[in-house]
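Only one chain is included here, represented as structure tokens and corresponding to the form predicted alone.
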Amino acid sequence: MDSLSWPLIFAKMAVQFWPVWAALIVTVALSLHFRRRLGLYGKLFDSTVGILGFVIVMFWVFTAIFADLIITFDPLAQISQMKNVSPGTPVPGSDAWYLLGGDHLARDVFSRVVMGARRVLTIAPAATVIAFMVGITLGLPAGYFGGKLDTGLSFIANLVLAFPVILLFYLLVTPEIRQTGVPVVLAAILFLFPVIFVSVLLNSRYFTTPAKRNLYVGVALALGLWAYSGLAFNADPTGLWSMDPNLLNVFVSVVFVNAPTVFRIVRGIVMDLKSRDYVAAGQTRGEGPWYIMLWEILPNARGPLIVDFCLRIGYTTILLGTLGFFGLGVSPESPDWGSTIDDGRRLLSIYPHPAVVPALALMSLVLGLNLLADGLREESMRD
């Protein structure tokens, strides 16, 4: 077989991405049809920038979901004749091609970039969600009650934020830190906050109906503590909830670095909103502090928090890529984009494709998240 020209390479890649195109068409069509019933998400489709960001982000989300259907080769498989081959090179003895060439270990760059999306979009959003739960759980009472609680929590947050982010990440993910047990201690503390957040959320919502409250809080505690034991201590007997040490290191580092910033944002918003009339009305009705914080103030802060959430996933994606580039991310053979860029940079002047392709993928995802955040900010300001 002959090597493929660039138009044929793009055509074959487009065919490989057919599940993504199908999912995108269905998602956008349904969203446009029901947008007037979907609140802020529906209003996003009134913004050209928001639609563009949404499509880019969802392209990579669906790529991560359907990665097993899209890849043309095992991302870890090595074919000796395909070392550093150029894009569109046919694989000997088969009717397939390395669509985006091979890397220095003769692995398919296209398949590694596609599977790398799954790695990035597994860690970044999940870690950001937990960081937000930590920041919200601590930021709400700090801003609402003030006083010594606010002073103490703010001091701890400022202490963490005083360190340069990249340096703090670098320190937290080194193998030597893992040997000290610090990641496990941080996981034991940080992973407890989602359980606390959901339990308090349900307890405050159904406090006046004890039967529902006890059922919902009990289920939340049972499921939460089950997941907590597996993720933090690898003690889940079923093996459903578990995290390898490298991934735990990275995950805890992302949460630890992002939570103080979220805390400060939430604290500032609460200090502004707690003087509003609807808060005073809730206090007059006899609503408890946590009900007011979680069901009166927090929903009215959703706009800035959603925007920051999107931006923070982008920042986290860049940080994960940076860690992978320095060889401090997940396992070395992992197809995450940072590691792939690091593998390709050594021969960048001769064979640019192994490093350029994942770099463009990383750039496009972060660009999509920034555009999505801009669209959400634009629409939330109109509320």
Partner chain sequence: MTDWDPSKPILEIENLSISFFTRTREIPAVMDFSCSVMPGEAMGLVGESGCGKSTVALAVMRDLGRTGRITGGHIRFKGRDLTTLTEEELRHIRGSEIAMIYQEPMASLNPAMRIGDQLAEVPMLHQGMARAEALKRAREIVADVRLPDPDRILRAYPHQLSGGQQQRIVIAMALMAKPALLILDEPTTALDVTVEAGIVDLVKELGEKYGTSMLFISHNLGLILDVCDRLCVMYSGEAVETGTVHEVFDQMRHPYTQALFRSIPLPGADKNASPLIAIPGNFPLPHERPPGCNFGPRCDYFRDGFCNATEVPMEAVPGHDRHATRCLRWPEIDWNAPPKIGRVTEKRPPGRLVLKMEDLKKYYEVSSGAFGGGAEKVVKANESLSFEAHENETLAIVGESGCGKSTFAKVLMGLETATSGSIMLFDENVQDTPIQARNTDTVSKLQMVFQNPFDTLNPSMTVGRQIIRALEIFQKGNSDAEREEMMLHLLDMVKLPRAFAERMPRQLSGGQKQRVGIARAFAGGAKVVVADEPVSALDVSVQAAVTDLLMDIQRENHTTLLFISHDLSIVRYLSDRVMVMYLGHVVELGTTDQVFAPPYHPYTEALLSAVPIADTRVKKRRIVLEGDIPSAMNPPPGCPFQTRCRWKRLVPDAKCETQMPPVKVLAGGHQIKCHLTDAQLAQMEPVLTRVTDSAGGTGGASGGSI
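Positions refer to the first chain, counted from 1. Please read these numbers as outputs of a predicted model, since none were measured by experiment.
Beyond what is shown, the protein has a form predicted together with the partner chain; the following relates to that form.
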property: Residue 285, heavy atom within 4.5 angstroms of the partner chain in the predicted bound form; result: yes
property: Partner contact for residue 33 in the predicted bound form: the partner chain, 4.5 angstroms, heavy atom; result: no
property: 4.5 Å heavy atom contact, residue 150 to the partner chain in the predicted bound form; result: no
property: The partner chain contact in the predicted bound form: residue 281, any heavy atom under 4.5 Å; result: yes
property: The unique member of 207, 170, 233, 145 whose heavy atoms fall within 4.5 Å of the partner chain in the predicted bound form; result: 207
property: Contact residue in the predicted bound form, from 276, 213, 178, 83 (heavy atom within 4.5 Å of the partner chain); result: 276
property: Heavy atom contact within 4.5 Å of the partner chain in the predicted bound form, the stretch among 286-294, 123-131, 178-186, 249-257; result: 286-294
property: Three-residue site 16, 68 and 336 fully in contact with the partner chain in the predicted bound form at 4.5 Å by heavy atom; result: no
property: Residues in 295-313 close to the partner chain in the predicted bound form, defined by a heavy atom within 4.5 Å, in order; result: 295, 296, 299, 300, 302
